[in-house]
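One chain follows as structure tokens, the form predicted on its own.
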């Protein structure tokens, strides 16, 4: 008998993967957690029936939520990751030698525990001495600090349940206050195909709070539509032009998707996405 996992990515579209083995199934205070060993994507983390990450394509998402912003910052030393309990974003942040501390603010302790146990290639950085794991509400964490971080990365789940507040204007305003003078915010902002209204809304909100606001794209096969967006809000620097010295540093990063060339290319938007950013029809 064949075992398949199916995610309803939209009301009219599904993705299915054939499963070798169910490695873990349980519930936390916040959500149902699954770890599956799939034929196509290797080990897969699923929360409330939504694919979060897989061994096969996680590097794309995690590299692209981290490196464009950290390369742009002149010297990132203290970084906050909100969400991202699987540890992949933390792993990428630690590749920057200037980083002295990474704080992971994750609301669901069980996700961290499960990732450490079943996804070691993704969660490998969580035990680094530079990492502090803070189990609790990331929104409250951000509101409780001022001028504390060089980069804040919002590695959230989809904007449902406890993650809804991570897409609000109030939260982004708190992020701005929690950043140092040259600080940057970076957040995953869903699919420009299927979440165009959200992309446009976040762009408009962040642009009202940060002098520099950009959108960049990456291809993540297991996410709806395969094309994923990331929004950066910056107090000073422009991630589209980080400077030659920072790009030379970036050339030494050990990556599989990101490169200095990708730093430039990812911000070149297809016309339909550029129209969203400019406030056109969200479709």
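Numbering follows the first chain given and starts at 1. In this text the structure is predicted, and so the values were computed from the model without any measurement.
The same protein has a further form, the form predicted in complex with a small molecule, not shown here; the description that follows concerns it.
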| query | finding |
| --- | --- |
| All of 93, 97 and 183 with a heavy atom within 4.5 Å of the small molecule in the predicted bound form | no |
| The single option of 255, 31, 40, 219 touching the small molecule in the predicted bound form, heavy atom within 4.5 Å | 31 |
| Option touching the small molecule, based on a heavy atom within 4.5 Å in the predicted bound form, out of 120, 136, 147, 208 | 136 |
| Region of this chain that lies against the small molecule in the predicted bound form, out of 199-207, 125-133, 77-85, 173-181 [heavy atom, 4.5 Å] | 77-85 |
| Contact test in the predicted bound form: residue 114 vs the small molecule, heavy atoms, 4.5 Å | no |
| is_contact(residue 157, the small molecule) in the predicted bound form, heavy atom dist at most 4.5 Å | yes |
| Contact flag, residue 52 vs the small molecule in the predicted bound form, heavy atom cut 4.5 Å | yes |
| In the predicted bound form, residue 108 touching the small molecule (heavy atom, 4.5 Å) | yes |
